[in-house]
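One chain comes next, on its own, written as structure tokens: the form predicted alone.
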Amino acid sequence: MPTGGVFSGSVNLKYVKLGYQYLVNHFLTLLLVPVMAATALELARLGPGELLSLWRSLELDLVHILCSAFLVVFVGTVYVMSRPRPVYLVDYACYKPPASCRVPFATFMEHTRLISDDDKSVRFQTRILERSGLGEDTYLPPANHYIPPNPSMEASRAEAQLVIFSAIDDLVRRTGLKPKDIDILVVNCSLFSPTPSLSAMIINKYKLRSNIRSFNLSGMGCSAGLISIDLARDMLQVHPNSNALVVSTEIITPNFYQGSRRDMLLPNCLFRMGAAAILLSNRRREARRAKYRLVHVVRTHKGADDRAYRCVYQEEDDQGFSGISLSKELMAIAGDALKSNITTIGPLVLPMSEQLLFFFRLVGRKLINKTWKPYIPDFKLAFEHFCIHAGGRAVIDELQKNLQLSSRHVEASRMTLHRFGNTSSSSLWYELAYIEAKGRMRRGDRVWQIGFGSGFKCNSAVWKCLRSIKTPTNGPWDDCIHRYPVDVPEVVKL
């Protein structure tokens, strides 16, 4: 009996909440429909003679009518001209490394033991790998398969050419894109910034136009992919009838840490090779074949705080080995950055019912009881799909907890981490490809991409699906999607 009572109460509460959401979100409709119905009934009650008398009583002449029509047309024209140009995501491609680059756990640990003389470092990396959430099929570049690794400039350039050119070639095959059609080029790679730049390397390879607007972003961490999208969007607002090619990658070869500092050994265990090429356009004719429309980009930078600035930091250890140190405070700082980002993006995407609940709880905490817990908006009402940066199991766990998401909502992130590892800024596109490969993307669906990066930054992008997407047959998941999702244990004993 108590169980039934509790169940009945929970069901009633559910329907009360649904009723509240419907009432608030459709308030204007519910208000205007009775008014319009009453007006229509009143007009129907009047006879033709009364309607004609009413029209004549307005005393409108031809000049008034023309002026009114001109004003309506003028205001409408100004409104249309002042609106931002729509930015379409025509298509994208993710690089899939060859089997020769595969690095199962046994290979990784064997190489680690052969390279390092420090047993404590080896045991530490073993524990990290066991709890990382990575699977047996991730990839490292050819230079990292040498013993010891060969982090030369030549090997780094070779990796860059392999991952970037392969992703662009795949995108060209998908879209029929011609080099002369690319007006804007944005490339982001955080830790490998050669001269000439990676953007110049692409221009040279594909013989792009001499008047192309090219940008090369470096040092901006795993969230740089969405920064590139934001930059491309701004450029497309300024330059009409243009195409923008965005390339996101991280070159692993020069960044293998050979020392023994634990906070600098973590990237060795988590980061893997990958890249994505994305075609954006503001051309109206591209809307017919485009997959998505960019709705919002929200960027949060916490670099003014010293703790946030140094939580992901490139430096040398006491032995002179260069690497990336990850602070123990990283998750707390990421959570703080996420809260700031949510505060900005919430009013843009959340239904009015959630915004009112958040506002009332905020006022209640200020004026009534400060011990009340803050209201966490239900972002599941704003988005059908979530692409959370696959930076590690802890990152995904923390966001799932903070945003109160289900296992299905974070499935794309967990499976991307398991299959490809942390591919830095390109991981968001592997996650989107996973959702498409599962056949879950429908017209009208909304996607929230969330990226974190050094500095410290939290960036968000919101996309709206323009057409139901058929399951692709040539993506990074085509040979393994039937095996996913898989169960990822908390610890994999090595």
Partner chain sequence: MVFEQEQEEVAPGAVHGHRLSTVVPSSVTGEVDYALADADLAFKLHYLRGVYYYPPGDVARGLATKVLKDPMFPWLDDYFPVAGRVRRAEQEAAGGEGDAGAPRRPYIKCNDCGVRIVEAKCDRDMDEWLRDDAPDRLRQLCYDKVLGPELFFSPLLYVQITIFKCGGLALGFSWAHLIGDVPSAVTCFNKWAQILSGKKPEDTVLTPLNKPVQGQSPEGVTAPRSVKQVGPIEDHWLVSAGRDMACYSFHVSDEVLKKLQQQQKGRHDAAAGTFELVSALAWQTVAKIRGGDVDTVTVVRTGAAARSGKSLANEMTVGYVASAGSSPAKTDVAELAALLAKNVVDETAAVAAFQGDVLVYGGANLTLVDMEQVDVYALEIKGLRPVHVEYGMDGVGEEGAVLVQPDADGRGRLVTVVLPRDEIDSLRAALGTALQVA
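A quick note: this is a predicted structure, and the numbers were derived from the prediction, not measured. Numbering follows the first chain given and starts at 1.
Beyond what is shown, the protein has a form predicted together with its partner chain; the following relates to that form.
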Of these, Arg289, Arg102, Arg127, Lys178, which has a heavy atom no more than 4.5 Å from its partner chain in the predicted complex? Arg102
Sort through His409, His145, Arg213, His301 and report the residue having a heavy atom within 4.5 Å of its partner chain in the predicted complex. His145
is_contact(Thr107, its partner chain) in the predicted complex, heavy atom dist at most 4.5 Å: yes
Residue contact check: Glu398 to its partner chain in the predicted complex, 4.5 Å heavy atom: no
Glu136, heavy atom within 4.5 angstroms of its partner chain in the predicted complex: yes
Using a 4.5 Å heavy atom cut-off, state whether Leu114 contacts its partner chain in the predicted complex. yes
225-233, 93-101, 277-285, 314-322: which one contacts its partner chain in the predicted complex at 4.5 Å, heavy atom to heavy atom? 93-101
